[in-house]
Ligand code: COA
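This document starts with one chain, in the form predicted alone, laid out as structure tokens.
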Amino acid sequence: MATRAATKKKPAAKAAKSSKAVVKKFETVLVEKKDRIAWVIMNRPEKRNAMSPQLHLDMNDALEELAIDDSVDVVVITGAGKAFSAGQDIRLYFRGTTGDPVLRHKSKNASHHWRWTTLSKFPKLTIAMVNGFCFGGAFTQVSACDLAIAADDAIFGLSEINWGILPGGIVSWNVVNTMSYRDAMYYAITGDTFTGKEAAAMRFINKSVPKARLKAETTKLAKKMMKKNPTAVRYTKEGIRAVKEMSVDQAADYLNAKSDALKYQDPENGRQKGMAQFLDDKTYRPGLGEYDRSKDL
């Protein structure tokens, strides 16, 4: 009956139509939307999703659209086939732009923009779902996402040292900030690989799961986060990222200002709702879950 009733509601039908309308087709990226989750898939499986100039431009465009898409609450970054991403496409990204300074400039900017500038400041929750090989430059988008989950048997590696270069761009900066110093140093100078299970143990990612359950567990995590107040989630993740580089006094000032701003920017007035449900209604216990967001004050 619930399903039949839902299909009769005109607003739901309009929302579904609107959702489909904003999904564009890209040459190297797939965007699939379901249940307010956008799956942004690097789509060069024959090249293990190595990142070409076109992929960077496509990812840039896709994420810019999703940032203002009202039908999406969570964005998941992943790869098609057996890989998350093998890193930068050496032939197309490096050699292929040698004689074309305009393309090199555009692809370099797009590469940095979507993998760090956009993702690390994205207004909605982001999850990196590492389904297979994750090498070199691909560490940046994993680090930039708010959360990361991988298949137990996913393979991570900083293989640059093996062909005489260092993990460039901001990969080295990312790994030393996301991994422990000792792990970052070890894997950067040895080029050894590590699995999803090992990545979870060293806290480079949040957790790993058997590959057969990876998408289901990622969906479960996304839906868990969609129950939270989205404005509070956004301000919290911005705060966590910002204070990492601050002194304690700077962090205190920043977080006080951020907290005050949240009070005025939250359209659902979550602070007052939560307090009312805890202190007045006594229907809510903060340590055991989120307040009832559907209730009015």
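Computed from a predicted model, the values in this text were never measured in an experiment. From 1 onward, residues are counted along the sequence shown.
Just so you know, the form predicted in complex with coenzyme A (COA) exists too; it's not on screen, but the next bit is about it.
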Evaluate Trp163 for contact with coenzyme A (COA) in the predicted complex, applying a 4.5 angstroms cut-off between non-hydrogen atoms, and reply yes or no. yes
With the cut-off set at 4.5 Å between non-hydrogen atoms, does Ile189 touch coenzyme A (COA) in the predicted complex? no
Though only this chain appears here, would Ala86 touch coenzyme A (COA) in the predicted complex if you measure heavy atom gaps against 4.5 Å? yes
Counting only non-hydrogen atoms and a 4.5 angstroms cut-off, does Thr118 reach coenzyme A (COA) in the predicted complex? no
Tell me which of 262 to 270, 247 to 255, 227 to 235, 47 to 55 has residues with heavy atoms within 4.5 angstroms of coenzyme A (COA) in the predicted complex? 47 to 55
Tell me, which of His105, Arg91, Lys223, Arg213 has a heavy atom within 4.5 angstroms of coenzyme A (COA) in the predicted complex? Arg91
Thr97, Ser159, Thr178, Thr219: which sits within 4.5 Å of coenzyme A (COA) in the predicted complex by any heavy atom? Ser159
